[in-house]
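Below you'll find only one chain, the form predicted on its own, shown as structure tokens.
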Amino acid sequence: MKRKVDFLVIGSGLAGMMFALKVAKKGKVLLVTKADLEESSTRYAQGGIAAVLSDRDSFEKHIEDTLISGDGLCNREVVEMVVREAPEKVKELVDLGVEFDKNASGEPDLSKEGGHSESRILHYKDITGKNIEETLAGRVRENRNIEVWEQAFAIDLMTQHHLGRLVKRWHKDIACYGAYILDLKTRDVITVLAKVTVVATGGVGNLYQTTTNPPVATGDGIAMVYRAKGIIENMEFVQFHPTSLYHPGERPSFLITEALRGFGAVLRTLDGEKFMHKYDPRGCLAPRDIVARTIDTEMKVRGDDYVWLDCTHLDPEELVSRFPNIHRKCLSIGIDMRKNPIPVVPAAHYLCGGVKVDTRARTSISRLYAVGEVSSTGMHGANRLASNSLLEAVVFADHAAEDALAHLDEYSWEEKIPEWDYEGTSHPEEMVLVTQDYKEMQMVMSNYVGIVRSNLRLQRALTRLEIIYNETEELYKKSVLSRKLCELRNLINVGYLVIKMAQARHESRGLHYNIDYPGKNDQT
């Protein structure tokens, strides 16, 4: 079965929904999501969105903070563009109905997070992402030009390869004609032809055993674009959030927002000693790569499973008022953060690399855009500054929409694309095989390609992953498709890219720390 749409949007986070809302005025939009519309990494963002909105702050300060955090690998042109457009994009969100907290004077209640020299984080309590996600989802559902297809999994992007032509990664004329979509309810694969396709599938957190990301973050968009011969970059820069709630067995790990440290919370070892000042003069508000690596070091040296995040010295009423969600969560497991420190550990949180795009969110494949965490814009460099991700998503969604609308009339549907080939896939996969390989893959990545790496660990990871890859590909070729099998295949693909790009970087920089190259000037 074939379907035709003007715009195919894969993913339902902030970036995907903003794009859909902007282009719906000129064409029919099909927004595909493998879970429910409201389920995305955006929903789990607690901190907020960074923007220069106070007289004490300036664009120059925000730009400089971002460049410092990115450890020399940001694209300055992109950083300046995003930072300067931030106030306008915040206003657009407010106009759509998104609420942000205000102070007693009625002005935005701006908080401060690690790496920021000023208070510039707009937030809604400690559930900013949830507030944004639900507001935009409401706007999407009421838009008559947007069709939402839930429980639908994008398997592969369609290019000239599906017309029988050899496609290579260096080819300059690759074009995307839509995607094959698996209906998870019927298990039928639908051929969706689109004039414009947008990948907004989020990150890769589920590569690791411990992550703050929801189960949907399995690198699907990156894997699809890579298989379609698109350009992927900077995959070695996986950000581990320094503070997730230590509660073994819970997945995803509950995020303890960086704003809590901006509010005054202090990291301590289990015997109550402060330790961050020994590693960085910025202490608990150093950039995330430094804080996460420091916690990891302290845990390994001391043999502890976690460290404390201490809020007991803070005003209890203000603490609960500002962080009600965290307070409720901690109480649910017997921790009153007003009286007891919170046990925290680093967890895989955000990917700074991904699908390479330009300032219009265009990928190396024509008619294909990538927005949000799936993309590599040059904004984050080697380490993302806190609360810059939602900002980047809304700016690039706007640029992508503007460019797509300008060129829509130049495109038509590629009618010759064949329908999905079911041949040889008559046997459902054995879930025990998928589940075991999934766990093994996560263990390999966590143990060998985590916060601290080495050449030996990376090589071992690659060797183990190749075995799992071969097993999974054999299973994929003969099985009726399922979400779990497709996700495992994508994660293995993405894990391979993380390892290979980590091996290619002969230095320690930002989020990539290799003990064989401890200094930044050791590049060979």
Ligand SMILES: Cc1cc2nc3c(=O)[nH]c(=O)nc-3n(C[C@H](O)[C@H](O)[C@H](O)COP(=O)(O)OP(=O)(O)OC[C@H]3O[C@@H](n4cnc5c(N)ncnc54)[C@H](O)[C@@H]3O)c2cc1C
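All residue numbers refer to positions in the sequence shown, first residue = 1. All figures in this text were calculated on a predicted structure; none of them were measured in a lab.
Here the subject shifts to the form predicted in complex with the named molecule, a form of this protein not shown in this document.
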None of V216, V140, C176, I342 but one has a heavy atom within 4.5 Å of the named molecule in the model of the complex; the exception is V216
For the named molecule in the model of the complex, the stretch among 64-72, 46-54, 451-459, 465-473 with residues bearing a heavy atom within 4.5 Å is 46-54
Does the 4.5 Å heavy atom contact test between A86 and the named molecule in the model of the complex come out positive? no
Quiz prompt | Exercise: A152 in contact with the named molecule in the model of the complex, heavy atom 4.5 Å | solution = yes
How about V371: is it within 4.5 Å of the named molecule in the model of the complex, going by heavy atoms?
yes
*Consider V32 of the chain shown here, and say whether it contacts the named molecule in the model of the complex, taking contact as heavy atoms within 4.5 Å.*
yes
Applying a 4.5 angstroms cut-off on non-hydrogen atoms, the residues of 390-412 near the named molecule in the model of the complex are L390
